[in-house]
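First, one chain by itself in structure tokens, the form predicted on its own.
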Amino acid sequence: MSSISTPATTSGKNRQTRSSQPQSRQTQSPQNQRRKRGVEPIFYLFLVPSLILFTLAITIPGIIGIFFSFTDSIGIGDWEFIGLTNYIAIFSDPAILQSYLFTFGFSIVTVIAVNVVAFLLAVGLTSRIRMKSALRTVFVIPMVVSGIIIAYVFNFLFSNSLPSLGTAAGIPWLESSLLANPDLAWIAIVLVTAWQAVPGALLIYIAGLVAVPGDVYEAAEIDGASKFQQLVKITLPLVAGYVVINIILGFKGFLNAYDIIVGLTNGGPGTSTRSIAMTVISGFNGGDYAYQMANATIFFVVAILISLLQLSLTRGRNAL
């Protein structure tokens, strides 16, 4: 009996093997077909126009600008190739170094102020309070107003309203405009910039706080943790990715500060509040095209390094 049943069993197994092979081929065939088809043509239809515009408007002008940074061009007319002369001169130019010092100092202070205020507001606006939606709308309003308009409004306040209030109240340090004081003008710029930048960081923090599970806080309350302990040991670690993103994006944005500074101080008093962007643009208008293109190239390299830092800090984080 065993000699008869064995071929039958073997033939049954062979039939199952042969029947499973077409199924495996059918399962793999759609994947192979997708690999053979490659990228759908519709994707190129969306990519190519944007790539052409980006190349014409940003890449080619950037390459041309970097080339002219090695010349003595004033923007028009004849020019000569002078090598690294512009770059060497920049590192010994006190006006350029002052603009970098002011820009980085202003950016660091503003990033700290914006993130502290935005985080505290986000904690308050995600807690159990009344009229949360209305308050969120009010706090977001500065983000939709043009920076130059905000700067002119605060210029009037700092130059007229606050000195009048200081004179009436007998406060000596308020009797003169902050914008006219070379040692204090940067504080006014930080305040106005932070006033406009807080809403953007606020929205990101609200999104992060809303994503934190409520069960975590309930467990912490059962264990007897205070509100401050919950904030420090639960909320901050869970929204750390959002903090990193806000710091990096804010710092990169504040490095390009221009419109608010123009509206408030125009780089003054003297050159005490002149940013890198203001220095570059004023050089373009003043005939220092090649020299300021070298300055802009250095600033571009700095921005690239900050972007690489951002990638290294946010790698592996799935905050957004």
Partner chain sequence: MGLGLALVAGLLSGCTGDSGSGDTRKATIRFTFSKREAIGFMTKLVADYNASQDDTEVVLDTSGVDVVSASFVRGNPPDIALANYNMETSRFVQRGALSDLSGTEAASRIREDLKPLMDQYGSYPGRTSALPYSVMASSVIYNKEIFAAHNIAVPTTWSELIAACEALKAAGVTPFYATWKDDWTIAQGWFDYSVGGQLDTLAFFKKLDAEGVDVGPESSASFQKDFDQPVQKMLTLAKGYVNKDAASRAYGDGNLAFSQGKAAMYLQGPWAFSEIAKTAPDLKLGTFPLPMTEDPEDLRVRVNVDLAAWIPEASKHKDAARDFLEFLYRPEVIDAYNKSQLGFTPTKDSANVPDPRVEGMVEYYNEAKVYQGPSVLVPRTIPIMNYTQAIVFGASPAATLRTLDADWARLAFRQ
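Residue numbers count along the first chain shown, from 1. This structure is a prediction, so every number in the text was calculated from the model and none was measured.
The form predicted together with the partner chain is left out here; the points below concern that form.
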Exercise for review: Give a yes or no on whether each residue among K233, T235 and P237 has a heavy atom within 4.5 Å of the partner chain in the predicted complex.
Suggested key: no
Check your understanding: Would I52 count as a contact of the partner chain in the predicted complex, using a 4.5 angstroms cut-off between non-hydrogen atoms?
Key -> no
Check your understanding: With a 4.5 Å heavy atom cut-off, would you call Q229 a contact of the partner chain in the predicted complex?
Key -> no
Practice item. Although the partner chain is absent from this view, report whether A180 comes within 4.5 Å of it in the predicted complex, heavy atoms only. Key: yes
Practice item. State yes or no: in the predicted complex, is some non-hydrogen atom of Y291 no more than 4.5 angstroms from a non-hydrogen atom of the partner chain? Key: yes
Revision key, fill the gap. Per contact check vs the partner chain in the predicted complex (non-hydrogen atom within 4.5 angstroms), the hit among 217-225, 186-194, 101-109, 154-162 is 154-162
Point to revise | Residues in 188-225 with any heavy atom within 4.5 Å of the partner chain in the predicted complex | key: none
